[in-house]
Every structure is written in structure tokens, then in C-alpha cells.
Ligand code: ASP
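Heads up, the chain below is alone and in the form predicted alone; it's given as C-alpha cells.
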Amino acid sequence: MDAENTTPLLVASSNAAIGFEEGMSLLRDGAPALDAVVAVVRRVEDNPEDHTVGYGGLPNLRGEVELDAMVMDGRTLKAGAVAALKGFRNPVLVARRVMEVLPHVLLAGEGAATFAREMGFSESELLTEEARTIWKQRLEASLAGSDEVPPEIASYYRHMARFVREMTQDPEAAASEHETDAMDTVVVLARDRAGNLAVATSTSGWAWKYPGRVGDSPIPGAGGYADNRYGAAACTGRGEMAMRAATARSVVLYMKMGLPLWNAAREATLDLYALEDEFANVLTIYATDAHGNHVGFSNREGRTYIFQTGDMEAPDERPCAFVRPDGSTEVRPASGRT
């Protein structure tokens, strides 16, 4: 592919906007797509106002911030990831080092932390006072009326039961209260001047999660996937859904089988309806093909995504296509939710 004829591209969840200037600058200067996605995600991880990623992320039931992240290079199909990492504010950087220096793809827990220390990353406190306050208030509400069940398990199931009840009675109100700070992630896709694709993901996971829970974000093929030959995809929302359906890989595989990007993302979204799930099964897909076409798809209405090409001065927001259980699809005006 002629590098002079390839326009740089970034596609991401809206919380990645804080890093787009740096990421696009790298792409315009000819940097690899992998450098760009890592730079964007790192900026989000360092943002204490984002309670879904890195420093300031909402913790698990014990009040511990556990972080997951992944990078994947669409040129080589190499990937690196960390899961349940504590004490390091930039898991995306650690994930990249896993890819570059180890024969492994994923490190978890204390092993991931040991590796981060060996690579020279500095340890730091991740739980901010604001995140701690949110955690405490919601946890105390969940613990009201505790019985003989061990407190951590009791609080977990009470919180989840409340979550399910509210999603059933008033889905939109519950979504606005819970999903924004409880199940979100940052995902970034990029195409560089050489036509190479890359994806990076990072998250503090489902807030108030059971300790040790790992979602889709650090799992290649579930939370993200990139292949220069066909395209790239990544997901936000309830990671268990993407893990069960291998959603990111499905989008790319559907394109490999000959479906255009729009149809491939639609099919991967429709696949989610085959999964029985009593919890909030919201999932949003962000995807691009090898030619730089991009889409957002979701099994919930009103989701959006952002993108920027090399000839744009700033990122723009687009509505995601909403897929119903019967397969019908529509695109409504953006509401600002991703």
C-alpha cells in the first residue's frame, strides 16, 4: 500500500477525545498505528475525571482498583495484555511491554505487577478521593439489611440485584446512573500512513466487581482485534457478552468472509441477542475496515463514537447504528452516550 495515499485515522469511544490531539499528531508525522493508540489511551488512563479507566477508576468490592488493558498490532497479529493489575496507572504501557519482550500474551494479578516492576514502571495509588466516595456510598446502599451471607458476596449480589431490577423497571434511567461509570472502557483503533491497523483498550472494569473479575478488554478477539488484511474492532459495555461471543474477532472474521464493514458489525451485534443474560447486556462495537471506513454499532439506542482523519482539525462524533433483536437496524441522532 502506498503510504503517500493512506490517510491516517483514529476511531474511538468518546472518552478518548482527550488524547486525540497527541495521537493524530503522531500519525501525521508517520508514526506507527500502535504508537498512536497507546498514546491516546495513556492520556485517558492519566485523567482522574474518568472513573472507568486507570487513575481515578472505580474500584472492586474491596475498594481496590484493578486494571485491564490490551494492545494488538494488525500487521503482525501480535498482542499483549494485563489483567487485574494493581498499583500501576498505565496498564496499556505494561501490556505493550508484554507483547514486545515476552513469549506470552496475557499476564494477570501479581504476575503482571511483578513484570511491571521489572520493566521499571513506577507504582502509585490509583484510588482518588472522589472515586473512593462514590464507591463507599454505593456499597453502603448495597449492604443495607445485610444477613448471614459473607459481606463481600452479599454486597455484590445485592448491588447486582438492584442493578437488574432498575434495568428491568426503567432501562434508560438505570443506564444513565450505572453504565456511564460502571461498565465503560476506553478503546482506540488507528490506521497509519502505511495502512497498518492497531487497537488498544484499557479499563478499571465493572465497578464494584467481585475481586479478580476480568472482562473482555484484555482478551484479544473479545475486547479488541486488529488484522491489516480485513479490519479492526473493539468493544465497550458488559465485557462478559463480548467474551462469550468473541465479538471483536467476529467483526473481523465476518469481513474476512466477504461481508462489508456495515454488515459485519451488524451481524456481530445481532449475535449478542443469542446470549441469555439476566444482567444489563449492553455492548457497543467500534470498527474499521482495511480501507478506512468506520462504524459504531450497539444493542442499545443512543450510543455514539468519535473519529478523526488526518485532514480533519478535530474529532467528530457519529451515532452508532442500533440493532434490534429482529435484525432491523436504524441510526438515530447522537445523544452523547457511548
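All of these numbers come straight from a predicted model, not from anything done at the bench. In this text, residue numbers run from 1 along the sequence as written.
This next part talks about the form predicted together with the ligand, which is not shown.
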Practice task
With the ligand left out of view, choose which of 206, 135, 230, 115 has a non-hydrogen atom within 4.5 angstroms of it in the predicted bound form.
Solution key: 206
Exercise for the section: Find the only residue in 78, 256, 213, 244 having a heavy atom within 4.5 Å of the ligand in the predicted bound form. Expected result: 213
Completion exercise
Per contact check vs the ligand in the predicted bound form (non-hydrogen atom within 4.5 angstroms), the hit among 257-265, 197-205, 126-134, 102-110 is 197-205
Handout entry: Distance check, residue 238 to the ligand in the predicted bound form, heavy atom within 4.5 Å
Key = yes
Problem - is_contact(residue 184, the ligand) in the predicted bound form, heavy atom dist at most 4.5 Å - result: yes
Completion exercise
Within 9-48, the residues having any heavy atom within 4.5 Å of the ligand in the predicted bound form are none
